[in-house]
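Taking the form predicted on its own, here's one chain by itself in C-alpha cells.
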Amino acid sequence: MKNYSIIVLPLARWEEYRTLRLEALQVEPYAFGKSYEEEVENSSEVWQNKLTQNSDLGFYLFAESGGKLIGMIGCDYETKLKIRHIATLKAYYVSINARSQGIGRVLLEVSLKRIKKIQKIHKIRLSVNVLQTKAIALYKKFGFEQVGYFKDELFVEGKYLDQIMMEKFL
C-alpha cells in the first residue's frame, strides 16, 4: 500500500529539503559529488534558490510520508545552445527507513515523465558510483545504458572511487 506522495516542495519548506540533503550526504557519502562539509555551509538563500529553479532550468521532486520528506531527485536542463537537448539527473536519495518500498522507482518514473514533456529534451544522463549496485540496476530497468567509466573520479574518506556514466535517449 502506498503511504507516500510525490510533491514539488513549497519554498516555505526549504529547511526540510536542507535536512534531507544533509542526511543524504552523511548516510551515502560515496553517492554524491558534493560533501556534507561543503553543503552544510550553504546559506539559506542557496537552499531556497535550488527549490525555486525556473522550470526551464530543472526541478526537484520529493517523496513525502506523514508530512516528512523521505526521498528526492533533482534534474538540471542544459541551457547552452549546443547541449540544451540534455537533462541531467542528480541528488537522488531515499532515506534508509523508507527503502525497499518502491519510492525510488516512483521518484525516477515521475521524473522521467516530467522530462519527456519537455519537447527539446532528447537525452537524459546521470553518473552513479560503482558501489551503488541497486541504483545501477534500477537505472538499467528504466533503459539507461552505461556509456562511460571514470576511474578514481571521487575521493571520499581516503578512498578513490569509480563512477559510471549512463544515458537514456527519449
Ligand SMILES: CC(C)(COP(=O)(O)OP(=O)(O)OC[C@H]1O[C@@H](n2cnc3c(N)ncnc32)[C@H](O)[C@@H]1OP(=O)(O)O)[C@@H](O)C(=O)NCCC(=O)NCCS
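All residue numbers refer to positions in the sequence shown, first residue = 1. Predicted, not measured: the structure shown is a model, and the values here were computed from it.
Keep in mind that the form predicted together with this ligand is missing from the display, and what follows is about it.
In terms of contact with this ligand in the predicted complex, the residue from N42, S65, S127, Q48 that brings a heavy atom within 4.5 Å is S127. The partner is absent here; in the predicted complex, the one residue of I118, L112, I103, L61 having a heavy atom within 4.5 Å of this ligand is I103. Contact annotation for the candidate site: F32, R99 and Q132 all lie close to this ligand in the predicted complex (heavy atom within 4.5 Å). Taking the partner from elsewhere, F144 is found to have every heavy atom lying beyond 4.5 Å of this ligand in the predicted complex. The shortest heavy atom separation between V94 and this ligand in the predicted complex is within 4.5 Å.
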